[in-house]
Every structure is written in C-alpha cells, then in structure tokens.
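For this one, two forms of the same chain are given in structure tokens, first as structure 1 and then as structure 2.
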Structure 1
C-alpha cells in the first residue's frame, strides 16, 4: 500500500544542498537535485532522521498548530510519556497534565495508564502464542513503515495488539461523548508527539476505522508555553503525585522500559534505525527464533530521542529510569485493576481487527520483460561506476544512482567520475567539427583565389 501523505517536508528556500539529510536517511529516500533536497515518498518512513541531521532547518515536521483546538467543542490532550521527561525531576506528570489544561485544553489524559494496560495485554498474548518467533512490537509507526517497505515478509510478525494512543483516543471519545452529551466528532483528541511519524496514523491511517485522533502537536512546539505555566512541586504533594503515576506505562518513553516491571523476560529492545536494520536482517536469517518479542524504537534511546523533543535524550532517559526506580522502591503501581484488563483482553478489546500489509516500492517497470531489461541495464551502469558512494551525484549510493538513471530521474553524466569521459567525448566532437570547418575552408580557398584572379584579368 503506497502512502500519499508524509509528515515531513523540505522548505526549499532554506535548503542549501549540503547532503547531510541524504547521508542520514536509513531508507535512501532523499535525493539532491538542482542543489535542493527531494524526498521520495514511496521510500520515506517518516522517522525524522533528516530533521535532526539538517544543519539549516530546511526539513520540518507537518504537525498541527494550537489553532486546531478551536474546531472542537471539547478538547483533550493525550501526551506521550516522553513529555514527562522534558522537565526537571521535581515536575511530575500530574503537574504537567494540569499545565496542559492551563494552556487551553479542556482536559488532559495520562497515556501512561493505557500504555500499562497494553503492556499487560501483550504479556497475555505472549503467554498464549504458539507461532513463529520473534514477534515484533508495532508501537513505533516508523518501524511499521520500515518493515512494510524493506522487510515485507516480516509483516505477519507484528504483535496484533493495538497501539496505546489509538485505544486511549477511542476510549476518551466514547466516555466524553456520554458524559457531555456531545457527538464524537465534536470532541477533539490531540496527541503530544515526540516525532513526526505519529501524524501518519492521523492523516492517513493504515485502517480507516482505527484512527480516533484528530491531531498531533509536537513537544518542541508546546514546550515553551507549557514551561511558562508550570509551577514547582512542593514536598506535601510529592507523594500524592507519585501515586498518580502508572509504573507499567511510564517506561514506554525509553528503550527497555515497556517491560521493565513485568514478567516478560525473553525480550530484545533495539533503538536507532541502523541497529534495527541489523536486527531485522538477523531475523530474516533465522537467528532470533529463540526470542519472544523484539521491541524496536526508531529513535536512539527510545521515544525520548525523537526529533521533536527538547531535552537531551540521555538526560531524558535518566529521568524516566530514576522515576521508575523510585516507584518500584516505594512499591507504587497505580495502574488499573489487572482483573479488568484480563476481562477486556478476553473480549478482544486490545486486538487489531486487520493485519498490516506490505508497502512495496514501485518496480522498475510494470511489464516483467521490460523490468528484467532495465535491471540488466541498472547492473551495467552500476558496474561502470566507481562504487565509492560519494553522493556528489545527488543519490546516496552508486547503486541508487544507477537505478535513478534507469528510471530516467538522473543522467549518467551526473556522476562526477563520468565528467572526464563526457569532456573527452565533447572534445572529440569539437575536434571533428573543427576539422570539418578546416576542410571546408581549404575547399573554398582555391575557388576564392581563382575568382579573384579572374576578376583581375
């Protein structure tokens, strides 16, 4: 399935073609053409690596502005647990939720509770599961896109449990609609996101019936206004603040935090696209069949490393882990009743209704015969290239450049190492033209002389 919407765009007037985005893209979805970056939609997975890499700020995320709130009669903020790691350790989640309401939201929902519910649902599913391993967590939209594009044979390995933000937004709309007597479409749910990939689930969901979110606001956009309304916590409210945190869900912000307090032991956590690709290559080779679950985060250190965050990812990671340690030491869980979760799980409340489908990259040609011919042409062009992947041609690798040439999106002369050949060719053509001009002159000179002699006589 091809996606027409992407949550990242290039502001060409700011782009100076310095190629850092091209080198950082894990799926080779960026080209430099006429000195400007161009994103190839069919290969882009909206991971945001290019946003972080761009030195001129020319690549931006298409998140929603605050003005979107005015379209709804009642608005609810659903912050990623990552937001809790952006402020000082004394500013706990309940204070941040209150701050969101001061900014203009009618309510704020702690997604950590739904994350905790989902963790328990995943644990139940793993207990029952008897199929091929490892299963792969579907919590990161960029990882879902990565598998659809580069590892389509692994789509059936996704664990069929719905992501927390979808469950939370559905529950909020149903509950608020009943409480306030409003239609679901009159209630706006906005995700406070650490990365641009979450916009895909809103603007172009994989399954039409599975999107209940109305927008996404980046953490970097909301950070300044939120910081200005936050007040420092006093010691009297500190204990109460801890008791309002779901220990099972708060860890979702960091790699390794999702299952930290659970019985899921045979789990591999991977963060960063480069490491994820290595892991998926190993899965394809059958090396991880003794692992129950792989939990991949496209951002380094987990969601705290998202391109739309503010705080240093390592400091954010430390804050979440220290908070988890405090909650564990004080024996605080503060999550929903486990029996209720088991009942909901038995009713298939957490299960996805549809499966993920591959998102194959467009073939060289729809006609099989022509596609084979173009593949041979691509190989021939690639063999003629220096194969040093310098990127000067505007493609990330020589192989990608060869494919661009075959598709008619680039010319062989765009390779700087082909310039001498082209120059030699042009020089040869120029020499032949000059020789021809000289011969033409020699042919005409005697005639001209004869004519002059004739005129004298």
Structure 2
C-alpha cells in the first residue's frame, strides 16, 4: 500500500544515462533501461543519493512549488532545524522565521521546540523500556524504509514516538483552527525539508490519521529567496534571538546532536547508509545489546548532509555544534517545561498509534521449490559473468544483473561480454546458411572460437 509512492523521480528527457546514479544507490534500486535511469520502487528508500550523484540534474525530488500556498486560507512554514544549520550563529532562528513570513507564509513555526519535547519523550521511553535492545530512532524516514525492506526483524525495535514534524503540524492545526475560526484543512502546513525522504510521510503517510502536513518545500529552493529578504539585526535583538533557542531541539539536524544535552548517555550515532547497514547487520546478529539507543541518519553527518541542502555538510555540522556550545556555555535553555512534557508523555501524547510493518523484498519466487531453482540459475548466470560490475548492462553489479535475468527483467545478451558468444553463434548460423548455396561459403568456416577463461560450454 505504501510501496507505490516515492518522493524521487527521473526526468527522462534530461537523463543521458551516465550511470552515476546506478553506482550511488545504496540499495541497488536503479537500472539503466534503453539509456535512461529507472527507479525500482520496491527497493528505493528515498535517500536522495542519486539526486546528489546525477550530473544532469535529471533526478529530482517531488517537492512542492511555492504556488501551493495559495490553496490555503492560512499557511504556516515548519522548517527543519537543518535550515538553521545553513546559517549557524550568524543568522539565528528568529531571523530566519521572520524571513519565511516575508516570503509569503502567514506564520513560521520553530520546530526545534517540538524536537526538544520529543527528545524528552524519548528519554522517558528509554527509562521505562524493558524489551530487546538497542532501540532504534525513527527520525530518518530512509532508515525506516531500509529496516522495513532489508531488516524486517528489527521493526519492533523502533522507538514508537512520533516524529516531531507530525506532532508540530497537528498542534499548529488544532491551535490555529481555534484561534482563527478556520477548518483544519484550510490551514496549510509546509515542511521545509533537507531531503526527499522526509516527504514520503507527507505525500503518502504510513498511517492515515497521522498525516497532518500539507506539503514540503526543499531548503535548496527556498534558500536564495530567503537570503534576499533577511533583515539585519542589532545586538539587542540578536541576544533575544539567542535566548529563545531550544537547545534540546536545535541539534536534531546533526548526527550526535539529538541527545547531546540530554541524560541519554548510552547512545550510538551512525550516519551514512553504508555504515548504517554494517551497524544493522551487527544488531541482527545480537550485538549492541548493551547499547540503549541507536540514532541512524541516512545522510553523512545527519540531516545537514541531505540532498536538498545548500551548505557543505561538514560546515553546517560545525555551525550547529558551535551554536550548541554557545548555548551550553551561556546556560540558555529556552525549551518547554519538562514537567509539562512528562505529563503529556503520561497521556501518550507522543506515542505512535500504529506499529511499523515490515515490507521485505520479494523473493525470487513465491514457491520455495521454484525459488531454489531460480537461485541456482542466478548463481549459474553469475558464474558466467565477468564480475567486474561495469554497469553497461544497466544493472549496478553482475550479481544484480544475474537476478534481473532470472526475474525476466533483463536478457543475458544485455551483457556485452556475451556479445562475442552471440556473434559466434550468428556467424555459425550464417555460414551454415551460406553452405546451403553450394561452394560459396565453403572456405568460410567460423574462425577460432574466442572462449573466455572459465567459461563452460
């Protein structure tokens, strides 16, 4: 049901088949067919690596254009704290939020506060939790997909606390509809997103009742316009801005930032899909059981590494860390009252209503006997391939190609190393044909056979 929607699309006319995306995809979800990139929905986890890799700008995120704002009576921007990370200490959240309003939003909401609340909720959950460890944070939607697809056994280890942006949007809609006398659907909430993955939850939410966001606009789309409307700030107002930052939430944009100022101590931060895969392999083997929480971000360095950001991920990481240091040094903690959060937590305000379901990759065949047969075929085909993963067939690796052939999605002649064989076969046929015309083809027997090493006849 939620397998159909993806927030990434190939603009075929722009694609010139240069295969960068093919090699960048961590889940081997891309093929080149007839010279154009194609995304396999079943395997795609919307991480956005291909967007970054594409030299032709042919892979795009399905974010919303600005024009969508006019569909609503009242609009609220909810920027990911990653937007703040683009600027760091030089331009503080308050100024950025003011800038967003100048761009046409009726209001702008500081999501760092909800992130801070959520951090506390997670802490409470960890305190109570008795089940198998480690728990896994569900902050990054690509990680959620990765687990559903590749590690279905780990879905129960997700922290069942709702992601902040959903909570924020719900809260905004409730409050605003009361204040303004509008229906919730007349209020448009727009997430300013660092990556395409965060949009899946918006465009096709996992759980119907939890979809409260109306759209998403990429940081890279809004960055330029935003810069041009930012107003200057004097020292007084800078100080005020600084004092209104929620230190618990501002760090969510970077790996390691979510729990930095928290009681949560026994936490492992992982970023980058390759590293996450290694870590999940270990968790599946029963390692890391002495760790309380793993916080995985599919993008290196955290959301600041998202494919729709502007600033260099290492620099924006540094910007957030320095802002955090300043806040910590000056003891600024403009977050919401902890007792209030505890109370809300007790009322299950933060809890998810439904569980994540696994959606494991399709087997080679539904019937085990036939699947065994196909697996053997796959191995046999693989053995006949050059194993250099050249990609010319359109699959990222020879093994993936072998699987495509078995599944009937590719033909073994798509491998250029099979072309000489095919050629040989054709010349053989041709000369036999010519033989039929008498003496004509007599001295044109097929030449020596260019058999590849290790090739079975």
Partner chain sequence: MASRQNLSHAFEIQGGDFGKAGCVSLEIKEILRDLGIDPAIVRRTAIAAYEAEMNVVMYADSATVMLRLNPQGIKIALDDKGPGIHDIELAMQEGYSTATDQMREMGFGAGMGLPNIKRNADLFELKSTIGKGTSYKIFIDLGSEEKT
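Positions refer to the first chain, counted from 1. For clarity, every value in this text was computed on a predicted model and none was experimentally measured. For the two forms, the rigid core is made up of the largest set of C-alpha atoms that agree within 1.5 Å on superposition.
(Q) Just to confirm, one of these is the form predicted alone and one is not; which one is it? (A) Only structure 1 fits here, because that chain is the form predicted alone.
Q. Hey, does residue 387 budge by 2 Å or more at the Cα between the two structures once the core is superposed?
A. The answer is yes, as the C-alpha of residue 387 shifts between the two structures by 2 Å or more after core alignment.
Q) Would the C-alpha of residue 87 be classed as shifted by 2 Å or more between the two structures after rigid-core alignment? A) For residue 87, whose C-alpha is compared between the two structures after core superposition, the shift is 2 Å or more.
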